[in-house]
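Below you will find one chain, with nothing else, as structure tokens; this is the form predicted alone, and questions on how it binds or moves follow later.
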């Protein structure tokens, strides 16, 4: 296997606008051919990070390297990157073919090269027959394809995408997610994708950087981010989660025993415990809870009552409460509206596998 090549590197990057700190001391390596997503809420600094990679903003502190070259103060047009914006930023007076050819003409490509490359990309993004249409005559998905083709036709080493799917309706958005990921795999270009949509990030990314208040809280694969969050923010931002305070009351081998409420003690894999302190936060996903009508012996088993239920089509969301007042939610598959469903007022037993419970230190 060939060694990985770092295509984008941020070294201690910070960005201030007056007294406001948009990005604070971020270091990050993005590998060649990787699909990395910057995920976080609005205003967290992810677009500022993207703009520093592109050159539209220069960092207040730190360095930006592209393919090993320091480009910290290099303007955008001299960087080997291109960007796709949320609004697509197509030229309304140019045709589809002319929009795609724009960058090639700016680089001085010959007429033959332009015709060949534009033809290839028209076919690659499935816009045959639309070559002479103006952007106003295209659908949202078609305009997005034109923007992608225009950005990639000049063969950048890195493509930056700033929430490019946010203007699409849900059905088209899901379709374009698949198309975009497949395109990236075929081309092997490094993609840096910005979104605030958790499902989008989990679906498309090789790795995800969770951004909060100008810092990266966690960097990892979708599986790592979802199943082993390292902070409460990550746990609560990515998908549904139950979070509750607890205290460590013992250790057995590699396991940690955490009491979250009288009568409820969780056995947690000590390898997943982040930090070393007596007080921790325990988190688990609602779909990981197994419900039973009869008591069983085992780890992480406790009784609770269904205090409310919400029908959500393929699933039921159950609101639970233990005798000591601990409240949490459970999501169960709704295969049929049969007597096997759990309903409000029922007393049940809850079970969690130890690997599905994560404990981290207080924030």
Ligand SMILES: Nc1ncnc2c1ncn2[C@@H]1O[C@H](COP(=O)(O)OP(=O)(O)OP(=O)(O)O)[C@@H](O)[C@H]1O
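Numbering follows the first chain given and starts at 1. Source: prediction; values computed, not measured.
Below: the form predicted in complex with the named molecule, not depicted.
Only one listed stretch (297 to 305, 35 to 43, 65 to 73, 310 to 318) carries heavy atoms within 4.5 Å of the named molecule in the predicted bound form, and that stretch is 35 to 43.
For the three marked residues, 166, 197 and 233, no heavy atom of any sits within 4.5 Å of the named molecule in the predicted bound form.
Contact between residue 86 and the named molecule in the predicted bound form is found at the 4.5 Å heavy atom cutoff. Contact check for residue 47: a heavy atom falls within 4.5 Å of the named molecule in the predicted bound form. At a distance threshold of 4.5 angstroms between non-hydrogen atoms, residue 10 is out of contact with the named molecule in the predicted bound form. At least one heavy atom of residue 22 is located within 4.5 Å of the named molecule in the predicted bound form. Looking at 244 to 263, no residue comes within 4.5 Å of the named molecule in the predicted bound form, counting any heavy atom.
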